[in-house]
Each structure stands twice: as C-alpha cells, then as structure tokens.
Ligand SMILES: NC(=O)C1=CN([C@@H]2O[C@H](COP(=O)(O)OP(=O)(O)OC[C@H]3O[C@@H](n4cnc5c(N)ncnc54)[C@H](O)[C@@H]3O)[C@@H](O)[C@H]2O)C=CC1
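What follows is one chain in structure tokens, specifically the form predicted alone.
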Amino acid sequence: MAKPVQIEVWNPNGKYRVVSTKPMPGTRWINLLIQQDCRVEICTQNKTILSVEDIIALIGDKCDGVIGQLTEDWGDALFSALSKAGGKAFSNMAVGYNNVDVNAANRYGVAVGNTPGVLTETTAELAATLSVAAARRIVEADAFMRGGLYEGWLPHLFVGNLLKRQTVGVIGAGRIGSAYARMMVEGFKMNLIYYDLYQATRLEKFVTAYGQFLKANGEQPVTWKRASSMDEVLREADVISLHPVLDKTTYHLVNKERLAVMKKEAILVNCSRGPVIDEVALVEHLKANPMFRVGLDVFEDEPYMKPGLADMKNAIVVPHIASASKWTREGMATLAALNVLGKIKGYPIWSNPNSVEAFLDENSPPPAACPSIVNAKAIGLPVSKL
C-alpha cells in the first residue's frame, strides 16, 4: 500500500483528526480548525495527484474528516475507508464534484461538501481575459516578440478582432455565465445573446438598464436576446463562452457539427468543464479555420490535451486556473474546512450556499453552519435558521 512521504501536523493534541490531501492557500482554514480542537494533518507528498491507495493510507484508522481535491477519485473505496475510520465528512476544495460518487457517500452516511459562491467573479474574469487575449492574439504576439522576430510595425501584423459592438454569446447563464456577460456587455458595449433552460431575468434587466444609460448619453444602446436553442447562439455570436454544468446532456455539447455552424472568425471560450467540447473535433476545426480562435482553461482528459491542440497557434491554453486568485483560493480552502468542521460539530447546513460572505469575513467568527453540503437532504441534515 502506498504511503505518503511527508505529513505536516498542526495542533498534534487536537481531539478531532482532519486530513487535507494537499497543502491549501492561506492559513485561516488551519486556524479555524485548530480553534475548534482539531488536529490538522496536511499531506505534503511530492505527487500531483494522489491515488486511492495513497488517500486510504492517509485516512488511517481514525479520521473525522477529509478535505480533498477534484483530481481525486472519491468513490466506494474511499468512503468505505473514511467511514471505517469514524469519518463523517468529506469536502472538495472546488465547486464541482464530478470526481465524487455521491451515492456511495450516501450509503456510508458521509457528508459531501463543495465551495460555490466564492468562484463566480474570479472565473468570469478569466473567461473575459481569454476572450480578449484570443480576440487580440496576445499569446501569439507575445511568442513572436520573445522569439526576436519583431523587425518593425507592419499593417497586417497580428490583426485581431474588435469586440466593441460585436455579439457575445453565453451558453449557461447561471452565476458565472451572467457575471461574464455583464463584464463583456459593460466593458466592451457588446450585444448579448444567451441560451439557458431558465430565463436570466436579472441579467436581462442589467443589459436593458445599461442600454438605456448609453442611449441617454447619446450612444447606441446594447441589446439582449434569449435564444431558443444553443445553435442559435453559435450561429449569431462573435464570441461564445461556455458555462453549462457537465452531465450526460452536455457531454460533447460542442462537436464537429456545432463547430461548423459558428462564424469562421468566432472565438470560443471554455472555463466550465473540459468534456463539454469534443477536443478531437476542435483540433480539426482549428486546423481548417486559422482565424477561428479558442481560449481553454479546462480539457477533456486533464491533465492531458488531445494530440495537436498544443501546436495550434489559434488556441490559448491555460492549466485550469479559473479560480486562481488569492482571495478565491483562500476562500475555497476556508469553505472546504468549514464544511468538514461543521459536520464534525453537528452544525446545520447554511441555507444559501452561494451567499458565503459571512464565512469569509476575517474580522468575525464564521456562522455555526456548514457552508455547502451537496447531499444534505439525502443524509437528513437540517438547514440552519441563521
């Protein structure tokens, strides 16, 4: 059985044993656990992704809760090991939990936490950044400059796309998709077309009000449109950002056929989940359409890219960093720790997992509640009245 090489221990005499499978940003999460009599063990093994065997060894014979990562395979084997060790809580340091078999957790009565509410603006900002970088061919130009190829200004050198007055398309207008849309509409005076199963009323009101503001100041107002289908967004938009959940209905949502209906100089951005794009089809489309550009933060088979993608100059690829701002990552660590702590202490569940400011205020103690437990109803956990 694999055994972690190094463990960092905080508060060794603590009553409750909480394990983190990775070092996490900041120290507030550690201090909050210590203040509630927890012994905190952090795995510092020099290994990017821990195996199931590694984590079972880390759990050991007695463990009250685990904070883990979305790269780990949390299924029957791990929940069984955690349950046998007396553990009742696991939390992903992530909003997504595709790596977690929630049904297995339910069978063992283990609460599964995640960290929504803290990633919205940070993720939307990266999607906007990739949109602008792709439009203005920033990465290509940077490599050109660093390669010593610049010999002087030329009329056709790295000509890209103007975003002003173009159409931004959003597929999935939830919290992140709507935040991204607002940034692009207000920042670049883009018109909006979106597709979502539910009407994004607040987003529509925002675009309407901003359009009225522009008109009152003598400028052309921006517009919004709720598309009747995803294909309508793909056909009409100049920049498309993907923000759906990943399930059976959204796997390879963007495939060969749907890429074909997009504009030849369109920009496609994905900061949601890698498998919503058929990456093989995307590589072929990028080869055939050199002015079509993509900005990708997530990939179909992370940490790998499909063959050929890395060679595409019209693709910007970054290593899953949408949530990688200092404030957000430290906040995620805090929320994940408080999910585990809350279950250990018998706290109820916070009523709105997307409203987490009270947990992140460093000047006051956090509420006596678990910020977000995705299977709270299934395992019969009460909701806080706070």
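Quick caveat, the model's predicted, so the values are computed rather than measured. Quick note: we count residues from 1 along the sequence shown, nothing fancier.
What comes next is about the form predicted in complex with the ligand, which does not appear here.
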Once the ligand is overlaid from its position in the predicted complex by fitting the nearby C-alphas, are 3 or more of its atoms within 2.4 Å of backbone or C-beta here, so blocked, or is the site open?
open
Which residue, Leu119, Leu203, Leu268, Leu234, is the contact with the ligand in the predicted complex, using a 4.5 Å heavy atom cutoff?
Leu119
Going by heavy atom distances of 4.5 angstroms or less, which of Leu197, Ala209, Leu149, Val159 would be at the interface with the ligand in the predicted complex?
Leu197
In the predicted complex, does Ser272 have a heavy atom within 4.5 Å of the ligand?
yes
Please run the contact check for His285 against the ligand in the predicted complex: heavy atoms, 4.5 angstroms, yes or no?
no
Is Thr167 a contact residue for the ligand in the predicted complex, using a 4.5 Å heavy atom cut-off?
no
Applying a 4.5 Å heavy atom distance criterion, does Ala322 contact the ligand in the predicted complex?
yes
Which one, 214 to 222, 159 to 167, 248 to 256, 303 to 311, holds residues whose non-hydrogen atoms are within 4.5 Å of the ligand in the predicted complex?
248 to 256
So, a 4.5 angstroms cut-off on heavy atom distances: do all three of Val18, Ser83 and Lys88 pass it with respect to the ligand in the predicted complex?
no
Taking the ligand in the predicted complex and a 4.5 Å non-hydrogen atom cutoff, the residues of 280 to 315 making contact are Asp297, Val298
